[in-house]
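The chain that follows stands alone, in the form predicted on its own, written as structure tokens.
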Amino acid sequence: MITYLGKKIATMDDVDLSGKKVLLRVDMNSPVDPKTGRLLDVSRIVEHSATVRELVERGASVVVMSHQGRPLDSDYVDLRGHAEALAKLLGAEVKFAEDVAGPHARALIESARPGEVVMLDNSRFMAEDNVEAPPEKHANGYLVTRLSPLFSYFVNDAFATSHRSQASIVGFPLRIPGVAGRVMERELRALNRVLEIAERPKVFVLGGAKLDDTLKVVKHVVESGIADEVLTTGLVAVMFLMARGTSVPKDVEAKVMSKISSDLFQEAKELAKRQEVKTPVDFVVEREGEVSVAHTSSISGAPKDIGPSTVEYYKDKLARAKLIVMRGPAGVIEDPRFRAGTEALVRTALASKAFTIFGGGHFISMASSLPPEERSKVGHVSTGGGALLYFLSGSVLPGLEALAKSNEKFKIVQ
């Protein structure tokens, strides 16, 4: 059992899965080559394969459900390639259903024997799974009522999608007993430590370009006292510098204001007054192809990374931290010229005695490229970008709420 906002959520340890049919919701949404349709990265499939393997070893019939892309986008493809990748990881057959809740899928589900794995096609091929609605409404929709009678349990392993109130996430737990999968369990246990660790200081390093969501995180962790300091980087830092009256180039200002509403920018101005919110003292900037270091009082180009003085300033704070949460890169790390800031902060965090949580796709790829001895020092790497921000902002995650309701309804754990 684990808890979420004081509510109990059952895990795979709390149920007997032997001989049972299990619907396993995962998030195997992966980058796709738009020309060939080939999967470019299978890291999420690797993460969830351990949960699938355990269910198989425990004698369950496993039916895997995932979404991929959004309608009309280039990565909105079927899951045949995902099934093949999962089969390779498991070293066993994964039967692929060419629909989600139609005759082919239902036939494969009904015929699945203990230890067998079936993968349904892209859940977003079903219109309902593209719509956010209350769990009670989704529980009575076509997808859930069509499939739920075929299963004994629903296992939600898709933390990265649990901030969405969509049918495949919130509908099934109200119809059949729902429990957390291993990826979900690890995520929640690690994030609960943000709230539970008593030692201080707790330092958040927040960057990237998701300004509206990140602003909500800053507001929550500062005003609730969860964070002792918030070190801002990336476009988040530029936003707070603007909020403090710092002049930036017009094109940079326009980029910031295109990503945040005027009302939220007013909130940024209020938060910028808080001493817990720290901003860079210099940036690595690019102007007409030339790279240089500029003090924040005279930014003359596009900020692409935190500067060397900021790196030292932030490193000092990280070295003394007891908890470090890092979300969003400090610079444009796709370009080797602008990776130094992020790499320095990551290595300082890992060299400290703090429990570290890294979040988002950039940090997943960066952590995976670290030498084994450094990688082993990472406390937790979150698979969820948006879901992580929702959790840290104090927002309710519908997927977790649905599991808590399922436990109450079916009395899985007392």
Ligand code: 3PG
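Since the structure is predicted, the reported quantities are computational estimates derived from the model, not experimental observations. Numbering starts at 1 and runs along the sequence shown. Basically, rigid core = biggest C-alpha set you can superpose within 1.5 Å across the two forms.
As for the form predicted together with the ligand, it is not shown, yet the points below apply to it.
In the model of the complex, every residue of the candidate spot (Asp27, Ala160 and His163) has a heavy atom lying within 4.5 Å of the ligand. Note on the partner interface in the model of the complex: the residue among Lys377, Arg38, Lys353, Arg70 having a heavy atom within 4.5 angstroms of the ligand is Arg70.
Put simply, of Lys317, Lys216, Arg124, Arg189 only one has a heavy atom within 4.5 Å of the ligand in the model of the complex, and it is Arg124.
With the partner omitted here, the stretch from 163-171, 328-336, 81-89, 136-144 that lies within 4.5 Å of the ligand by heavy atoms in the model of the complex is 163-171. Residue contact with the ligand in the model of the complex: Arg44 places a heavy atom within 4.5 Å of it. Although the partner is absent here, Lys210 is a contact residue: one of its heavy atoms lies within 4.5 angstroms of the ligand in the model of the complex.
With a cut-off of 2 Å and the rigid core superposed, Thr214 has a Cα displacement that reaches or exceeds the cut-off between the shown form and the other one.
Taking 2 Å as the criterion, Pro135 does not count as shifted between the shown form and the other one: its C-alpha moves by less than this amount when the rigid core is aligned.
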